[in-house]
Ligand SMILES: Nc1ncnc2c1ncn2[C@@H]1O[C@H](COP(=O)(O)OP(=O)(O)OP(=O)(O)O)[C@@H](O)[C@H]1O
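Below you will find one chain, with nothing else, as structure tokens; this is the form predicted alone, and questions on how it binds or moves follow later.
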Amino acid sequence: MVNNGIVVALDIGSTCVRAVICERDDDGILKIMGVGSRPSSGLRKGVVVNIEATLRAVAAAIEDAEMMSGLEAHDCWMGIGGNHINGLNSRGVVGVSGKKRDSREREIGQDDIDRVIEAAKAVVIPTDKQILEVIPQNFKVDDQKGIRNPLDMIGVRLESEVHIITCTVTGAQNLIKCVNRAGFRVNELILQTLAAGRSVLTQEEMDLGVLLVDLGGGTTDALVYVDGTPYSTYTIPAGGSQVTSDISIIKSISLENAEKIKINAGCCWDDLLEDDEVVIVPGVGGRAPMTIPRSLILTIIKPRMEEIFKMIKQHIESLNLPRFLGGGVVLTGGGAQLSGVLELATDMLRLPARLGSPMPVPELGGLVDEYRNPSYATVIGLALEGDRRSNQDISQNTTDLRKREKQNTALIDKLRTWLKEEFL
């Protein structure tokens, strides 16, 4: 993969498509040069239901980012999420086959690490599923547990624990098809919550244990970190769109007006309301506008949000976590901007909660206040993670090239030695 210093990230959500174009400057800083955002109507609960509508939104969002940046996009790092994502933990065991130190001990090499991860990946998954991510959690060398990186350690037996994330084959293929038909190539699919965590979580929170909740339009995705690595991936088939639909049905207003009410006047925590606050809703078909008390809107929104957090709590309780989530809860996505959602999450999950906005980091520039909100957490994280993986690929290719050069040099030296012995 050629790294020309340009990184394009694409977040295709159920209600919005966002694109970001970044470029590495002379100081090695990845700078946000252009951002594009367009409404999305081609996905439902993270799955493509209308290819034409999705590819139009993708093309328009990337075109907006190109116009702002003055750069041309050819490929992108794309996020994937939704109801078809599943996660499981697995364990693998191999014997160390590295360089011998004595008759019993061997030195663990990269080949041993690769083999034990492959062994952990050997799980039975349905034929309609594919492995999206395999994330090492920790390693065990003989009887020593909790090792992050066993490279060059001495041992006989190597074990690994990994978190495996799967998605449906058709779900991934349809997303890639939409992007390809829009005229772009997908470098790699990256789990959206994993990308969001890359931009909003601190290392301290991940080490302590933290729950990341992405309140999207069609679904709510949760990712649990324990001891610095992902431990559980979970998706709830409900999100902001259901809240909008509830308001629309109960008050007999259009979805467009219901969405405006949710964004501008929605609330899910009683203490934040004033008694006399009202919302004016335009009339339908030439009828006079009507007024709705914000307290009435709260009685519509709050039960749905309570339902979402209740399902998250039930999932957390079912995990039998090895330690308390000392890092609390971090909320991202458009739904995280709903008034009172932090208070409700803290109350229902019994954990301290904060908003997950992209954080300024040394390797990222151009992060203006407009993008420092939970809605941009995933797409900014995709850019950071895409850049990291791109550099990792280049580093690996360089290492492989040097390894082949050494092997070739050793082979030539052996050939020269043999020729000298035979003919001189």
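Because the structure is predicted, anything quoted here is derived from the model rather than measured. The first residue of the sequence shown is number 1, and the count goes up from there.
Only in words, not in the display: the form predicted together with the named molecule, which the text now covers.
(message) With a cut-off of 4.5 Å between heavy atoms, is residue 187 one of the residues that contacts the named molecule in the predicted bound form?
(response) Heavy-atom contact with the named molecule at 4.5 Å: absent for residue 187.
(message) Would you classify residue 219 as touching the named molecule in the predicted bound form, given a 4.5 Å non-hydrogen atom cut-off?
(response) Yes, residue 219 lies within 4.5 Å of the named molecule in the predicted bound form.
(request) Although the named molecule is absent from this view, report whether residue 259 comes within 4.5 Å of it in the predicted bound form, heavy atoms only. (result) Yes, contact at 4.5 Å.
(message) If we define contact as a non-hydrogen atom of the residue within 4.5 angstroms of the partner, is residue 337 a contact of the named molecule in the predicted bound form?
(response) Yes, residue 337 lies within 4.5 Å of the named molecule in the predicted bound form.
(request) Would you mind picking the one in 333, 230, 171, 197 that has a heavy atom within 4.5 Å of the named molecule in the predicted bound form? (result) It is 333 that has a heavy atom within 4.5 Å of the partner.
(message) Under a 4.5 angstroms heavy atom criterion, identify the one residue in 296, 263, 123, 319 near the named molecule in the predicted bound form.
(response) So the residue touching the named molecule in the predicted bound form, by this definition, is 263.
(message) Please identify, from 287-295, 272-280, 239-247, 146-154, the stretch that has a heavy atom within 4.5 Å of the named molecule in the predicted bound form.
(response) Heavy atoms within 4.5 Å of the named molecule in the predicted bound form occur in 239-247.
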